[in-house]
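The data below hold one chain only, encoded as structure tokens and taken in the form predicted alone.
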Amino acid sequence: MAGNQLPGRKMRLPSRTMLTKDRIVTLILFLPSLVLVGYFVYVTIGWNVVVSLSDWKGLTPSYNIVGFDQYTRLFQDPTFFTALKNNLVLILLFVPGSLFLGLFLAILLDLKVRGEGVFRGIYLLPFALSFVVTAVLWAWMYNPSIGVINTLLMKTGLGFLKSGWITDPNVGLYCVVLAIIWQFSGYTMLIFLAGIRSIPESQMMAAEVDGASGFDLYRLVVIPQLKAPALSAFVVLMVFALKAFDFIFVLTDYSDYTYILPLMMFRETFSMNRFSYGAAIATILFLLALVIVVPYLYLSFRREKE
């Protein structure tokens, strides 16, 4: 006789029928979500690939498969490489800039400054705004005639620094990068601050006992433990940098010096009605996003197993 089991009474185990019913109920509950995700994500991705292999041009759909003609044409198009170069510049400036500024703000808030909640709200406010609202705001600030930046330069005796800003081909893309960093710095700050606050207090106290203080405390103890938050923020920023359409479209329209792949895809598809060509650009963007997301998923899965 095992444990406290009473004589003559057997322990009741879940029957296969009950387990089967539970599985059926679970499947019924999740089935609508699975169907919707399957259709609006995977089916549409597959449909986009099929369109990119066709000769669809104009408003009348055409699914006449012509192979990789659109991709061959794409890789022979100088505009594609211009847009790709601008995308890479945007990534190389925007992603590190947002990460470093967010880390700096998180460390400042972790110093237990007075009014931390107020400052945290101020830093997060830009990220709470829509990209269109932010783009309109910065377009007004960058305005060469009545913009607040040139006005302040004139009022402070620095009029020689006046510029066309977003209309200047030499600095236009950098102005876009600055505006996007401003919007995303609050997001990266919050990610890093959560990572810092998750570090056990005992580790911080032990490091202080060993003589670490100030910047050395963060350099030797805190920052090395922020790899996971940094990786999560990195993936989000990279994906946004690849698909930053609405922000740049409102801010600069189709300017050559800020022309990126999402703008090219939109213009070719909906302005020029070259649907198969636009679908080919969308497929390239999807593959670039996979290059970023798949390694992140692999590292996350391996970390969970460990």
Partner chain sequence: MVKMVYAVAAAVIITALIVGPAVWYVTRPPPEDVVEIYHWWTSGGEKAAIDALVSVFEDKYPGVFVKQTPVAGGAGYVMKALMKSLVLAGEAPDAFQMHAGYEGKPYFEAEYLEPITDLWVAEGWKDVIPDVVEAMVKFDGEYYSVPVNIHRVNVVWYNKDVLQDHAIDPATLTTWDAFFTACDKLVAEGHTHPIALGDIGKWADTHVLEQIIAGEGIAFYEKWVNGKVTSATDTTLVHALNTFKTYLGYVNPDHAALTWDQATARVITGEAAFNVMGDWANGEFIVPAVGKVYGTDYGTFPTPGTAGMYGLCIDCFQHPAGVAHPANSLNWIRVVGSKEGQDAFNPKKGSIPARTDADITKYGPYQKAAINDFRNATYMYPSVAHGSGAPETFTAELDDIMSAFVTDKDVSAAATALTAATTAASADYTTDWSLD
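Please read these numbers as outputs of a predicted model, since none were measured by experiment. Positions refer to the first chain, counted from 1.
In what follows, reference is made to the form predicted together with the partner chain, a form of this protein that is not presented.
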- [ ] State yes or no: in the predicted complex, is some non-hydrogen atom of residue 291 no more than 4.5 angstroms from a non-hydrogen atom of the partner chain?
- [x] no
Open item on the list: Is residue 67 part of the interface with the partner chain in the predicted complex - any heavy atom within 4.5 Å?
Closed with: no
- [ ] Evaluate residue 32 for contact with the partner chain in the predicted complex, applying a 4.5 angstroms cut-off between non-hydrogen atoms, and reply yes or no.
- [x] yes
Open item on the list: Is residue 202 part of the interface with the partner chain in the predicted complex - any heavy atom within 4.5 Å?
Closed with: no
Task: Per-stretch contact check against the partner chain in the predicted complex, the hit in 85-93, 164-172, 215-223, 202-210 (non-hydrogen atom, 4.5 angstroms) - done: 164-172
Task: All of 71, 97 and 101 with a heavy atom within 4.5 Å of the partner chain in the predicted complex - done: no
Task: Members of 35-67 lying within 4.5 angstroms of the partner chain, judged by heavy atom, in the predicted complex - done: 56, 57, 59, 60, 61
